[in-house]
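Listed next as structure tokens is one chain, alone, in the form predicted alone.
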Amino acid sequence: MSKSFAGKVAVIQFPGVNCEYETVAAARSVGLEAELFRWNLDPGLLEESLAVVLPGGFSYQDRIRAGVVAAKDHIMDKLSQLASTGRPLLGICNGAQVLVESGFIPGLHWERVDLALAPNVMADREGYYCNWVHLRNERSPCAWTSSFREEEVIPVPIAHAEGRFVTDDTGMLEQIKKNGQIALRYCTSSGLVDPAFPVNPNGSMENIAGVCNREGNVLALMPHPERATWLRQVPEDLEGEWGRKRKAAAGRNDRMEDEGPGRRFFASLLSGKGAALPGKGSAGGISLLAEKEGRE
């Protein structure tokens, strides 16, 4: 384990997560340095990290409710400090649940829990649901989606039982919408936002799949982009452009390592709104700079 995470993407390994290795591989696929960071290491080692990712899985066995125990872990104090001063922070599935339970998302009142990720509400079924879905990239300040065009449709898989973004504070929901904090919505393969199952796979309000903070450096994302990083991961029968690409590549091993639709979430760290210089920015107006591009 490295003693320094300067310039690296740190993927936090809480007990019970199961997507950490795939997440490291996804970050490395775009040329980023990435490494696992165990939850019980010295959090100070993250001080000069390029970005931090909380991966999917079942941290602390999802006891009480998904993400809540990890949200109380002492490492989250350091992540709060880093995120509030501009460090890019991504939570995927269970990681998104941790960010919501920590009050980083939506972040209107930093560290106050204003949203919930409730049990899925689905037609003719209940509990855990795993399938490929389509997301529409919305106009937002999100650093993690800056490589996508506005309203671009992105197919990725989901795998969760508690992924439904909800709040009973209608005023706060309107504020999130006004701020452009709804970064991604569930949609059809043609980009239509339909609230019915299976387009909306969990009953999430406003078809929300991902929410960022006002400044755009923190994203809570329920789908799994690391499971859509290579073309070989895309189903041949998937509707839309990416399904056609995968079908056209069938039987060609050289094409299987081509880019998949989820890779650009990680590539966004190298774009204009991407990586934050350690120690720069403020909670009121975060400066997001392409550090890696500046070095090359």
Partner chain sequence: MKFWVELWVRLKVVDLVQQTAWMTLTEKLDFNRFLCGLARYSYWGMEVEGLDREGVVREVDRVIRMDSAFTNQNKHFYRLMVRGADAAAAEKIEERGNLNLDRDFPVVPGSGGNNGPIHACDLLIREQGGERENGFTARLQTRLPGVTVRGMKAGEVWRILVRSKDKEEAVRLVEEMAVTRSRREGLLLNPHYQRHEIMRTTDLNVSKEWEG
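Positions refer to the first chain, counted from 1. Not measured: the values here are computed from a predicted model.
Same protein, other form: the form predicted in complex with its partner chain, not shown, and the subject of what follows.
- Item | its partner chain in the model of the complex: contacting segment from 259-267, 43-51, 27-35, 56-64, heavy atom within 4.5 Å | One stretch meets the cut-off, namely 56-64.
- Query: Pick from Leu108, Ala118, Leu173, Val153: which has a non-hydrogen atom within 4.5 Å of its partner chain in the model of the complex?
  - Reply: Contact check passes for Ala118.
- Message: Taking any heavy atom pair closer than or equal to 4.5 Å as contact, tell me whether Thr85 reaches its partner chain in the model of the complex.
- Response: Contact check for Thr85: no, nothing within 4.5 Å of its partner chain in the model of the complex.
- Message: in the model of the complex, does Phe104 come within 4.5 Å of its partner chain, counting heavy atoms only?
- Response: The answer is yes: Phe104 has a heavy atom within 4.5 Å of its partner chain.
- With the cut-off set at 4.5 Å between non-hydrogen atoms, does Asp77 touch its partner chain in the model of the complex? Yes, Asp77 sits close enough to its partner chain in the model of the complex that at least one of its heavy atoms falls within 4.5 Å.
- Message: If we define contact as a non-hydrogen atom of the residue within 4.5 angstroms of the partner, is Val199 a contact of its partner chain in the model of the complex?
- Response: Flag for Val199 set to no.
- Item | Neighbours of its partner chain in the model of the complex among 40-74 [non-hydrogen atom within 4.5 angstroms] | The stretch 40-74, when checked against its partner chain in the model of the complex, contributes Tyr60, Arg63, Ile64, Arg65, Val68, Val69, Ala71, Lys72, Asp73 at the 4.5 Å heavy-atom cut-off.
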